[in-house]
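Here's a solo chain for you in structure tokens, the form predicted on its own.
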């Protein structure tokens, strides 16, 4: 596959952990744990393919409506993920970015997030964005409220500059696992011209071969951005 056909920014909606566990007569939390293992493996494969930015949807602002014990387990998994991938990100010059509002997270998790962001902030080779307590509609409202009293003309650039992370590039390829065909309030602005790849594969079963299929799907697209060729 030509490097010219590799997306700069891949975003993934990691769906299917709970159903994967249910299919095996296991608790949902087991599915989330397996999903974390998959994320660690796929992250490396994504960057190895030449992708420069990866965003994963780990926890939406609507997910607070889930059972309390599941939320507690997910918070613990987030901490585990940061700890287990800390050195990998440092060694491979990956900049870690939290996309969302972390104020509702446990203080210990907030500290680990801020610490990893601080230590990796000068990394320029790759970007990893963790969308947690994130909702695209909330982000758009936040931007509108921020610019409510602005005396300057509001443009696409000035609007994006007050997003949670203004440096987040537009999505080139958005992958959703688990068989659902919706965006679920994820990067609505940034995905305006994304190529969207849906697969029935549940996230814990998502492997390099499935990632390669998604990248091949992208490489076959002629991206016109409204123009005529």
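Residue numbers count along the first chain shown, from 1. In this text the structure is predicted, and so the values were computed from the model without any measurement.
Below, we turn to the form predicted together with farnesyl diphosphate (FPP), even though it does not appear here.
- Contact annotation: farnesyl diphosphate (FPP) lies within 4.5 Å of heavy atoms from the stretch 73-81 in the predicted bound form, the single such stretch among 73-81, 149-157, 119-127, 134-142.
- Each of 14, 28 and 63 comes within 4.5 Å of farnesyl diphosphate (FPP) in the predicted bound form, counting any heavy atom.
- Using a 4.5 angstroms limit between non-hydrogen atoms, residue 54 is distant from farnesyl diphosphate (FPP) in the predicted bound form.
- The closest heavy atom approach of residue 19 to farnesyl diphosphate (FPP) in the predicted bound form falls within 4.5 Å.
- Residue contact check for residue 39: one or more of its heavy atoms lie within 4.5 Å of farnesyl diphosphate (FPP) in the predicted bound form.
- Using a 4.5 angstroms threshold between heavy atoms, residue 58 counts as touching farnesyl diphosphate (FPP) in the predicted bound form.
- Taking a 4.5 Å heavy atom cutoff to farnesyl diphosphate (FPP) in the predicted bound form, the one contacting residue in 185-207 is 203.
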